[in-house]
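Next comes just one chain, in structure tokens: the form predicted on its own.
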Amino acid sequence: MIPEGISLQAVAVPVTLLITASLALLVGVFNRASRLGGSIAILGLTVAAGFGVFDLLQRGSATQNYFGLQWHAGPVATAIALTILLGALLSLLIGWNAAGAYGVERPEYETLVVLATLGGVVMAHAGDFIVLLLGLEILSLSVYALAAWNPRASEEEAGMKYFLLGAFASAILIYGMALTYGATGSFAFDTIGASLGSENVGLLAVAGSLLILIGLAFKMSFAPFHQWAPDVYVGASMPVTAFMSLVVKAAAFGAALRVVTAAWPNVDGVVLQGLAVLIAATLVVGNFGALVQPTVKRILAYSAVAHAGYLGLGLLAAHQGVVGANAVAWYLLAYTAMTAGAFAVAYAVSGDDAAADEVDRWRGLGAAKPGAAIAMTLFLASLAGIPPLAGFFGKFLVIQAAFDAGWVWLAVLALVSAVVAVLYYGRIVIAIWRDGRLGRDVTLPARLRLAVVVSVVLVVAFAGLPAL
């Protein structure tokens, strides 16, 4: 019997994902070679997205208590949850035949993807630090396993590296939560926000907030806590890298947005300045780091770091009551579409062959596979912020929000960084359309083509839509 006051509608998405993961795991246990688990995962994610769209159309915003835990339902949180589901769907299409391609019988792949997606959705809807931590650990443990899923030496190293650094960051985050509880007497964001808004904010609260910022900075791949991202992205298989770049980033920023707007609306001083410094460092390190990378996968890895910096501008604006929250949700949606498409084409062109992934080895793609070349050019142009594609409007929204919030120097730095981004994305585009011989045969299976087509449609369509 459901207790009075408990609404199942708000938690329909995570419940659907939990059921989906359980069914996919059972199918994999009894038939390891079956692709039915993948079909169940895609169906479950689609159904969950349907519930999410229904919630979004309600346009309501409320924080509900479920057995002592706070669950926030609002348009921005729901939009980010839908972005997480979209990223999971596209990454499953990219890695549809991952087990067959790598010659392993490990049917837990789809289950881990759905469980990680569940954790991300929980993070985006967190109303207190307990729910945020539960979602974070469900996400992290699943992605640790995914990073080491393929039994290659590089993937085992990537999984171990991500696990050790992730556990360290989680410990810092939990310690920060404990200090915040000691200072405010609550884990609920609303109560913490009211307590930190008083004039007597002590050193304990400041220390707790700084540790929470550091822990979240790792998950968002803010510099100097970004070092795990390029190494793990390169070490993991391409479908897993795509999933991490899409879902983990969206979940991390969804959680950070909840903390910044609900728990820290009145926090200022050293915490806010620290966040600004991290964003500035991320913009510089991500964009200039990508300039010197030899492979497309490493360029996309540093690109993910750079985009975290742009998303950080939206966090700062959201903290000060400007429409930064909407800008972050919009940017994540556009980023998911264009990044998924870029990884899909990269998987078709180079797979996990580091030699074939060198930028110069992409020469001749335009002649060999003009459709894939055009799509990749479109994705890279959108990532660089070339109008009128979705990426341009994403950057425009967050930079405009930063200007409106008074962070002029950061907005100017972001504009300069956007110019640098054109250079390293341009390297790949030039290589694609130059004469040459590809590093390997390029084939796009049906589901990989579907991922590319969906991403192209979204990148073009999002350019004509208003901000959320």
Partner chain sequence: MILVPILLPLIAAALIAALPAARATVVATFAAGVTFGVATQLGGAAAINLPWIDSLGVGVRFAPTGASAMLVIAASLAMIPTLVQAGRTADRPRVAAVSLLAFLGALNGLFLASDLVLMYVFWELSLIPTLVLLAAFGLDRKRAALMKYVAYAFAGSLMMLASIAAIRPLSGAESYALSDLQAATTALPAGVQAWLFAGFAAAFMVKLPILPLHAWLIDVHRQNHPAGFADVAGTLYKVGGFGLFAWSIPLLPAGAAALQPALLPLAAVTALWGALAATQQTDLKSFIAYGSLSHMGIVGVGVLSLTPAGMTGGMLLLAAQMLSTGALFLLAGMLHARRGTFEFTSFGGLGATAPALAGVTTLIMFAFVGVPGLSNFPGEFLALMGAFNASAAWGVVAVTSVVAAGVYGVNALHKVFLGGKTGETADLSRPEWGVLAFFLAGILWFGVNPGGFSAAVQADAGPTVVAAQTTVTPVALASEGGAR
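This one's a predicted model, so the numbers in the text were calculated from it and none came from an experiment. Positions refer to the first chain, counted from 1.
Keep in mind that the form predicted together with the partner chain is missing from the display, and what follows is about it.
Colleague: Counting any heavy atom within 4.5 Å as contact, can you tell me which stretch out of 344-352, 235-243, 314-322, 381-389 lines the partner chain in the predicted bound form?
Modeller: Going by heavy atoms within 4.5 Å, the stretch is 381-389.
Colleague: Scan Leu43, Leu415, Val29, Leu438 and let me know which has any heavy atom within 4.5 Å of the partner chain in the predicted bound form.
Modeller: It is Leu415.
Colleague: Using a 4.5 Å heavy atom cut-off, which residue among Val53, Leu36, Leu423, Val47 comes into contact with the partner chain in the predicted bound form?
Modeller: Only one listed residue qualifies here, and that residue is Leu423.
Colleague: Residues Ala158, Met177 and Tyr181 are flagged as a possible site; in the predicted bound form, is every one of them within 4.5 Å of the partner chain by some non-hydrogen atom?
Modeller: Looking in the predicted bound form, the three residues Ala158, Met177 and Tyr181 all stay beyond 4.5 Å of the partner chain (heavy atoms).
Colleague: Should Ala329 be counted as a contact of the partner chain in the predicted bound form, where contact means heavy atoms within 4.5 Å?
Modeller: Heavy-atom contact with the partner chain at 4.5 Å: absent for Ala329.
Colleague: Can you tell me whether Val419 touches the partner chain? I mean in the predicted bound form, with a 4.5 angstroms heavy atom cut-off.
Modeller: Contact with the partner chain, yes.
Colleague: Answer yes if any heavy atom of Leu397 is within 4.5 Å of a heavy atom of the partner chain in the predicted bound form; otherwise answer no.
Modeller: Judged by the heavy-atom cut-off of 4.5 Å, Leu397 is in contact with the partner chain in the predicted bound form.
Colleague: Is there any non-hydrogen atom of Trp228 lying within 4.5 Å of the partner chain in the predicted bound form?
Modeller: It does not: once the partner chain is placed as it appears in the predicted bound form, Trp228 has no heavy atom within 4.5 Å of it.
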